[in-house]
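Single chain ahead, by itself, as structure tokens, in the form predicted alone.
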């Protein structure tokens, strides 16, 4: 099956690709945190513009970004509708079966801008570095090892699990099973899911034994080493300064 590669464009050349992965993760994470704390729509819109600029500077194709951002956009759209219809306040639209308040639209728009900006910033943060180097950078900045291992194995094996699920159900269909909403079909689905879980557990044991036999001890080991330069600190200072300025605007108003 085709695996979505988070680092598909990590081979490109850009100011973000040449940025030390450790400093990049800390700096852009600070910017994400700053944006999600914003309370002013105008400043949140500015945060969205900054996120788009960083994606542009990363040279990651916007077509790639939009394809992987679509689920976030669907979720944000649903959230926008729900909040607009449920938050009380000064009415903008009043009909017999629903009403939209000014406060609801404002809150939903603010949340949408923050969510889309944060999602966009993930691409220049993680998509401009090889995945194994991102894991090593997380290790260097003292992220707990169990969390890094969970991220690594989830990213690698969730796709194998989905591929196994596809094969199991294709096998059932080839034997004449048709998915329906009756009790017999539900029993069959339960059996297939149980078999899938058993196969997955057996696979994890084989993988663990293979990795331990090769000396794996829970730490990411690569031949690549990180080196800091003055440019890395200049980029970090600029991003962190922007993050601080975004939140200072609400105190200046």
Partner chain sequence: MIKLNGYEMKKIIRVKNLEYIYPDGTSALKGIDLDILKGESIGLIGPNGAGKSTLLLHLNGILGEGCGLIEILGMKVEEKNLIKIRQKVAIVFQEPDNQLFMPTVFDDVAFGPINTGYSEEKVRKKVKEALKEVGMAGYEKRCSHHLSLGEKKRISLATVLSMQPEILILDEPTSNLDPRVRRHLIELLNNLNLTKIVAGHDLELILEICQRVILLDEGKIVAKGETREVLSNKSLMEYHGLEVPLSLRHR
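Remember, predicted model here, so these are calculated numbers, not experimental data. We call the rigid core the largest set of C-alpha positions that still match within 1.5 Å between the two forms. Positions refer to the first chain, counted from 1.
Heads up, the form predicted in complex with its partner chain isn't pictured, but that's what we're talking about next.
Chemist: Check each of 203, 70, 187, 42 and return the one that places a heavy atom within 4.5 angstroms of its partner chain in the model of the complex.
Modeler: Answer to the contact question: 203.
Chemist: Going by heavy atom distances of 4.5 angstroms or less, which of 49, 210, 228, 195 would be at the interface with its partner chain in the model of the complex?
Modeler: That would be 210.
Chemist: Looking in the model of the complex, is its partner chain within 4.5 Å of a heavy atom from each of 159, 214 and 222?
Modeler: Yes, all three are in contact.
Chemist: Applying a 4.5 Å heavy atom distance criterion, does residue 152 contact its partner chain in the model of the complex?
Modeler: Heavy-atom contact with its partner chain at 4.5 Å: present for residue 152.
Chemist: Residue-level question: is residue 132 within 4.5 Å of its partner chain in the model of the complex, judged on heavy atoms?
Modeler: Because a heavy atom of residue 132 falls inside 4.5 Å of its partner chain in the model of the complex, the answer is yes.
Chemist: Going by a heavy atom distance of 4.5 Å, is residue 136 a contact of its partner chain in the model of the complex?
Modeler: Because a heavy atom of residue 136 falls inside 4.5 Å of its partner chain in the model of the complex, the answer is yes.
Chemist: Can you say which of 124-132, 78-86, 108-116, 178-186 gets within 4.5 Å of its partner chain in the model of the complex, counting heavy atoms only?
Modeler: Every other range fails; the passing one is 124-132.
Chemist: Given a superposition on the rigid core, I'd like a yes or no on whether residue 164 shifts its C-alpha by 2 Å or more between the shown form and the other one.
Modeler: Residue 164: C-alpha displaced by 2 Å or more between the shown form and the other one.
Chemist: Taking the rigid core as the frame, does residue 78 move its C-alpha by 2 Å or more between the shown form and the other one?
Modeler: No.
Chemist: With a threshold of 2 Å on the C-alpha, tell me if residue 155 counts as moved between the shown form and the other one once the core is superposed.
Modeler: Shift at residue 155: 2 Å or more after core fit.
Chemist: Work out the direction of the Cα-Cα change for residue 77 and residue 155 in the model of the complex: closer or farther than in this form? It's 3 angstroms or more.
Modeler: Farther apart, by at least 3 Å.
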